[in-house]
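Given as structure tokens, the chain that follows is alone and in the form predicted alone.
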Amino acid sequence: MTAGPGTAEARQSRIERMFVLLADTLAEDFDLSDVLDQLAHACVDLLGATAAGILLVDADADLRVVAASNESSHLLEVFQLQGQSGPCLDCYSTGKPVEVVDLSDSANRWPEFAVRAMGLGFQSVHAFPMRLRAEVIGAVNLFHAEPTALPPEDARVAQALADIATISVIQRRVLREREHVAEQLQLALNSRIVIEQAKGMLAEVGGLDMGSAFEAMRRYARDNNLRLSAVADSIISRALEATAVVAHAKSRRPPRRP
């Protein structure tokens, strides 16, 4: 049965809204997990799938289920990961779409997956890579209750949704990495300020030049298995007496030869 103009227009409008939502994540602070969940449900709504699931690779290079439209698709995605076999994993490893029109014809290729998928009521699988140039970060997977050949237009829409979702995920990861680097840099700068202040206190208390004050503090940290910044912070807060650090350094000096 061919969809009427009104139905086609409504579907196109929903597709456009999904693209806008994914594009907005590039400019605004969206909850990415919520967006991916909406994407999984949108694949069901827009592409006529029975269910959908999304796999993403984590920081340890392990694939994880990050979204599923229902419990059956979630279980099937988890089963693929546990068994390390299935069309969605092949899609991720090759970076190319995988189409399984009828799972009963693919029982030899993925025997355990085919049995489990059909047991959950699925007869067809279409997997689309989440990729940006040579980098593949996951897969968007569509499951159908009947043997299904996805129309070329729908396949293009599915891949386009996967592509823009990939850009959103990668940008979010880059931003997090930048924030982490900036945070680490700020911590290093803050530690340096504390160390410089502690050096000044040691120099004043022990009558040392700044170089000798730093060596005294470093010696104390090493001998007591402490971080240099922690020793400096203790000196400034007076939890550790500067005189004790100076005395420790002097006690570690080799005796002068007669």
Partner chain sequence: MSESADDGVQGRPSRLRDVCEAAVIALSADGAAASMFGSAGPSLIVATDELARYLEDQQALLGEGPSLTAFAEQSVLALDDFREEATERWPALAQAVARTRVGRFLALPLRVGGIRLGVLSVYSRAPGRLARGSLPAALLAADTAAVALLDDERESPEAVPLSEVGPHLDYRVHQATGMVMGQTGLNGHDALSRLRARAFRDGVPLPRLAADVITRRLRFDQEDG
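Remember, it's a predicted structure, so these values are computed and weren't measured experimentally. For the two forms, the rigid core is made up of the largest set of C-alpha atoms that agree within 1.5 Å on superposition. Residue numbers count along the first chain shown, from 1.
What comes next is about the form predicted together with the partner chain, which does not appear here.
Engineer: Hey, in the model of the complex, does residue 236 get a heavy atom within 4.5 angstroms of the partner chain?
Structural biologist: Within the cut-off, so yes.
Engineer: Residue 64 near the partner chain in the model of the complex, any heavy atom under 4.5 Å?
Structural biologist: Heavy-atom contact with the partner chain at 4.5 Å: present for residue 64.
Engineer: Is there a non-hydrogen atom of residue 140 within 4.5 angstroms of a non-hydrogen atom of the partner chain in the model of the complex?
Structural biologist: Flag for residue 140 set to no.
Engineer: Examine residue 196 and determine whether its closest non-hydrogen atom to the partner chain in the model of the complex is within 4.5 angstroms.
Structural biologist: Close contact exists here: in the model of the complex, residue 196 approaches the partner chain to within 4.5 Å, heavy atoms only.
Engineer: Would you mind picking out the stretch of 162-170, 73-81, 142-150, 99-107 that comes within 4.5 angstroms of the partner chain in the model of the complex, counting non-hydrogen atoms?
Structural biologist: Of the options, only 73-81 has residues within 4.5 Å of the partner.
Engineer: Identify, from the list 42, 221, 203, 35, the residue with a heavy atom within 4.5 Å of the partner chain in the model of the complex.
Structural biologist: By the 4.5 Å criterion, the partner-contacting residue is 203.
Engineer: Against the rigid core, is the Cα displacement of residue 231 between this form and the one not shown at least 2 Å?
Structural biologist: Indeed, residue 231 is displaced by 2 Å or more.
Engineer: Tell me, please, whether between this form and the one not shown the C-alpha of residue 74 is shifted by 2 Å or more, with the rigid core used for superposition.
Structural biologist: Residue 74 C-alpha, core-superposed: shift of 2 Å or more.
Engineer: Following rigid core alignment, is the displacement of the residue 134 C-alpha between this form and the one not shown equal to or greater than 2 angstroms?
Structural biologist: No: residue 134 shifts by under 2 Å between this form and the one not shown.
Engineer: Any idea whether residue 82 and residue 47 get closer or farther by CA distance in the model of the complex, knowing it moves 3 angstroms or more?
Structural biologist: Closer in the model of the complex, by 3 Å or more.
Engineer: Comparing against this form, do residue 73 and residue 129 have their CA atoms pulled together or pushed apart in the model of the complex? The difference is 3 Å or more.
Structural biologist: The answer is farther, because the C-alphas of residue 73 and residue 129 separate from each other in the model of the complex by 3 Å or more.
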